[in-house]
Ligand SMILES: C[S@@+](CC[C@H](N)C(=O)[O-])C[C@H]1O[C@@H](n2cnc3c(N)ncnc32)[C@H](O)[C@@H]1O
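For reference, the chain that follows is the form predicted on its own, supplied as structure tokens.
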């Protein structure tokens, strides 16, 4: 019995490794050890839908048959779509109280552009929209654009719909904001049409991006880099640099840093935990900026 169990465990490991390789080939993401333990659970809906008994059988099936639809479903299931409203509360307090007022003081053309990269099911982007709507008087007459991208088609579909179960709205969303900006529906709570209309949700791959265009004032790429190998992180920072201007602010996750990746960004002198382009890379602005 012990020998059989050992072989099954080894085979399961081989199946996970094969699916991990598929994930990395499609997205650039590396399936870390802790995510490998959760992979079989994440893949259960895919296994049931296709009548497959376990991960080993799934991997063997994909090895024998080129099934693009099934491959896409596997990759989507393995992606980590963990998110919550106002995640890392102190970061959003800094955005509301420091970053956005600084941008408002500098931009003479009254245009605000924000990019939420790796937006998952949209809570980060909706949190930003809520902050701007709660401070609507200060943004009157401004053109506001929020782009939110993620590689997961399922996550983007959910984000566009703006419907969140009770468990999701209980994680970080203040009660006053829930009452003001969401309406109860059968599945939980749906974001107000005003919020949904502020955000352009698009499926996109950060390693081969199609959606981003032009420079953004505020770029959020939080808890995304940690899923990529060092070389790919460098490519992503180069992408973020191409979509930044001299006053752009970049925010990463708490366990991430822009330091040590060829220095496309340096620590921001005014905002804790934020980054900006180094002085040598900060060329002429491509639009008018207000100066104090």
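Positions refer to the first chain, counted from 1. Computed from a prediction, not measured in an experiment: that's the story for all the values here.
Omitted from view is the form predicted together with the ligand, to which the following refers.
Practice task
Evaluate residue 120 for contact with the ligand in the model of the complex, applying a 4.5 angstroms cut-off between non-hydrogen atoms, and reply yes or no.
Solution key: Close contact exists here: in the model of the complex, residue 120 approaches the ligand to within 4.5 Å, heavy atoms only.
Problem - Contact test in the model of the complex: residue 228 vs the ligand, heavy atoms, 4.5 Å - result: Taking the distances in the model of the complex, the answer for residue 228 is yes, it comes within 4.5 Å of the ligand.
Exercise for the section: Using a 4.5 Å heavy atom cut-off, state whether residue 199 contacts the ligand in the model of the complex. Expected result: Contact check for residue 199: no, nothing within 4.5 Å of the ligand in the model of the complex.
Practice task
Flag residue 207 as yes or no: does it have a non-hydrogen atom within 4.5 angstroms of any non-hydrogen atom of the ligand in the model of the complex?
Solution key: It does: once the ligand is placed as it appears in the model of the complex, residue 207 has a heavy atom within 4.5 Å of it.
Exercise for the section: Sort through 107, 113, 222, 96 and report the residue having a heavy atom within 4.5 Å of the ligand in the model of the complex. Expected result: Comparing distances to the ligand in the model of the complex, the residue within 4.5 Å is 222.
Exercise for the section: Scan 147, 77, 132, 151 and let me know which has any heavy atom within 4.5 Å of the ligand in the model of the complex. Expected result: Contact residue from the list: 151.
Handout entry: Option from 136-144, 187-195, 173-181, 151-159 whose residues, in the model of the complex, bring a heavy atom within 4.5 Å of the ligand
Key = Result of the contact check: 151-159.
Exercise for the section: Establish, in the model of the complex, whether 90, 217 and 244 all lie within 4.5 Å of the ligand, using non-hydrogen atoms for the distance. Expected result: Negative, none of the three is within 4.5 Å.
Practice task
Heavy atoms within 4.5 Å of the ligand in the model of the complex is the criterion; list the residues of 57-96 that meet it.
Solution key: Heavy-atom contacts to the ligand in the model of the complex: 79, 80, 81, 82, 83, 84, 87.
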